[in-house]
Structure formats: structure tokens, C-alpha cells
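Quick setup: one chain, the form predicted alone, written in C-alpha cells, and binding and motion questions come after.
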């Protein structure tokens, strides 16, 4: 049975060392979370797989890192100072603050994130919504800018903000990287790092935080010049089926990429690659959809916008974890105007501002999705995570701590630990050790027993079925390599 409540999943995450609320000993602060030793391993593995996958799509896609603090002028030009806000409503009785769209969503069950201040106000009045905490009357709706302002300089003479997204730092680097990459286009700049948003009332755990991790790839290109290149790449994935939910549809459909005629090649190609990442790396298929946002839902600068949504039981259904945005030339044009520095490049006999395709992933949301979809309870509690992402890929046990088995198991551990994320556990009964590894998602357990001392062989136990096979120690590393890389299935070794 799949675990269904957030409270159950959070309890396991705390007990085993994945995720918990930050500053817990002081009562914690909403919107801030810590990753424990297992959560950090899982997060690092996910980020490495993300970088390996998306940077390999083109030799001209590169990783950059930019500061967490941006000057005021940068975010003024980007529009964040004026427009980066949510609708805030305060209770007239208790004074607590709420996000207006959340108040509407809790009553209607439908997304209201696209609604503006006036629409939220009218909807709250129409539905006669009162304060969720004290049932008092709610005040007027107002715009609340979510950025954290900071002082720069010893006397705070300059203003800045903690970056609300990683993308803006990437846009600052466009002109310099364009020259450094010898003016070769298209090119992509990826970055993985923290972003900060002063959420009005963060809820749903790590799904909505005030400090969170993003993984984003901005691809710069000139449509009139590079359309043909992306048409060629689209041929590579033409018969790939992806689960899309177009505007106006009430359910997702598996559609072959070559059947989508109304979207440009550069967009469909990257949409199919995003799904490939979820299918092959995160091993998610049935509980995922690529949902197209309507013009009312998406930001005005996004000409095309699909969200990646995953059906998470602990969060009550379909939740956004990533997105693909066609931002046209909006971002570079804004910064060209604000900085008085050219962002245009020679193209078609004139100068043009490049367009941008943005692949944006919420790292924390994807980690939670893995935990949500992977945890199972029943006869045993166990977590299934893809081998490439698991905090530990292999655990090594001695059957007992005597007769040379302890020393032999340490020898096996030292051999495997150079190739795999490996854990050595010698505490408790063998059954308890299996149970501990099941609950943290270790896909393979290797046990050193008395036959090992005579035959130089060990058992490998697989987490999903709990089946075991016996293999020679000389073949152990090769077999585990093939299993973790999905070159072989465990059943292939089952005699």
C-alpha cells in the first residue's frame, strides 16, 4: 500500500534522516527545512543526474553559478520589483495573513494562482469565505511582494534582494558567455542553487518554502535561424509518446510527438526530453502529466507554458514540480533597456535579441515526489527509489559478528564503496538490518555468511521482491554495476 498522508511521510523522513523543519529545537519557522544525511545524499544524487542528463543534450549547454544576492536595478528591470507578488488577505479579528488564491482553492478545489487582486477579492466575497483560523471576517485583498530585501554595503547605502529565482543571474551572463563561447548559438546556461521567496503562509511542507532549490536551464536562440536545427533534433524523438493535457482537455492523453503540429520544434523537442528524464531517470510514468497552461494561467511573457505535474497522495493530488516556458525575447530585452547594454546579436543581416526557452525544476518538490510515490506500507515499510538516485545503492552485512564474517564483510564493503554509494551495517539481527535498509530505499543488500568463507560467494537481496541470488565475490561488482545501470534486471540472474 502506498503511504497517503503527509504526516505519515514526514514522520518517516524525520526518523530516518531525510527532511525536517529547520531550527526544530526552537520550535521551527514555517517555510524552512533541513536535509538530513539521507536527504542530502538523495538531493545530491538527483542534482547530479539532472546536470548529466540536460547538459548532455547539446555540447553547447553549460553550467554556471551566480550570486544569491542581486542588485536592486537587476530585479527592477526584470519586473520583479513591481510585479513579483501574491495576493495577501488579513483577518480583521485575529490578524493572521493568508494567500488569497489558497483561500479560494481550499473552498473550490480548483487552482486560483492565476487570479489577480480584484478577482480574488470578488471570489472571496462571492463564496463568503471567512478566516480559516478564527472564522472572523477577512479584510481587503492587497498585493504583497515576496522578495527578501537586503542591505548592501557597511551602512546599507545600496539595496538588493535575495534572488527569487536563479534565471536572472543567468541572463546577466548572456553577453559575456556569448563572446566566450565564440558567438556559437544556440547555447544554454544551466544553474542549480537556492532561491528565496517570502511566502505569505507557506504550507504543504517542502512543496512551498521560503528558501528552496532550483535547477534551471536557459536556452538562447534565434527562431528564424535555428528552427531548422531543432526540426532535425525533433526527428530523433518523433515517435516518442508523452502524457499531455492540452488547454481545454479534462484528462491527459498519451500523444506521439509527431502528432503535435501546433507547437514549434524547439519547444516540443525539449518537452519530450523533460518527460524522458522523468521516465528514465526518476522512473515515473503513470502518475505524471505535462499540462498546458491557458493564457490566463501563465505569466504574460510566457508564450507557451507546460507544467510537469505529479500525482502526489501526500499533497492531495496533482502538483507542479517543473515547467517548460517559452519566454520569447522578453528577458534579454528588459535587461537591455534597463542596463543600456546591448543584448542583441547579429542575425539575418541585422541585430536581434535572442529568444529563451526555460526548463525550470523545483529540486525539493522532485525529491518529495520520489518519497511520496516510493513509500509503501503493509507487511513491511519500504521505499523504492531508482538505483541511480538512492542515498545508498548497496548495503553490506555480516550474517553474524564472529568467525571472521565481520572482517570479511568489511573487506567486501571497502571493495564496493569505491564504485557505489555503500553502507556497512553490523548492528542488530539480520532481519532488522534488512528492514532498516528497506525503509531508506537501499535497492540491494549483500550478505556475507558462512558459505562466503568456503566458496568466496555472497547473497544479493533485491528490495522490491526480497528475492535473493548467490554470486561469486569476483563477479559481485560487475553484477551490481549492470543492475544499477539497468543493463540487466534482477530477474535475469534468478536462474
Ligand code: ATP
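Positions refer to the first chain, counted from 1. The structure presented is a predicted model; accordingly, all values stated were derived computationally and were not measured.
Although it is not shown, the form predicted in complex with adenosine-5'-triphosphate is what the next lines describe.
Annotated contact segment (heavy atom within 4.5 Å of adenosine-5'-triphosphate in the model of the complex): 318-326, selected among 385-393, 318-326, 117-125, 335-343.
Although the partner is absent here, residue 314 sits far enough away that none of its heavy atoms falls within 4.5 Å of adenosine-5'-triphosphate in the model of the complex.
Mapping the unseen interface onto this chain, residue 360 counts among the residues with a heavy atom inside 4.5 Å of adenosine-5'-triphosphate in the model of the complex.
Interface membership of residue 272, defined by any non-hydrogen atom within 4.5 Å of adenosine-5'-triphosphate in the model of the complex, is ruled out.
Put simply, residue 214 is close to adenosine-5'-triphosphate in the model of the complex: some heavy atom of it is within 4.5 Å. When adenosine-5'-triphosphate is considered in the model of the complex, only one residue from 381, 113, 292, 177 comes within 4.5 Å through any heavy atom, namely 113.
Distance criterion of 4.5 Å from any heavy atom to adenosine-5'-triphosphate in the model of the complex singles out 99 from the list 298, 355, 163, 99. Residues 206, 207, 208, 209, 212, 214 are the ones in 201-219 with at least one heavy atom within 4.5 Å of adenosine-5'-triphosphate in the model of the complex, listed in sequence order.
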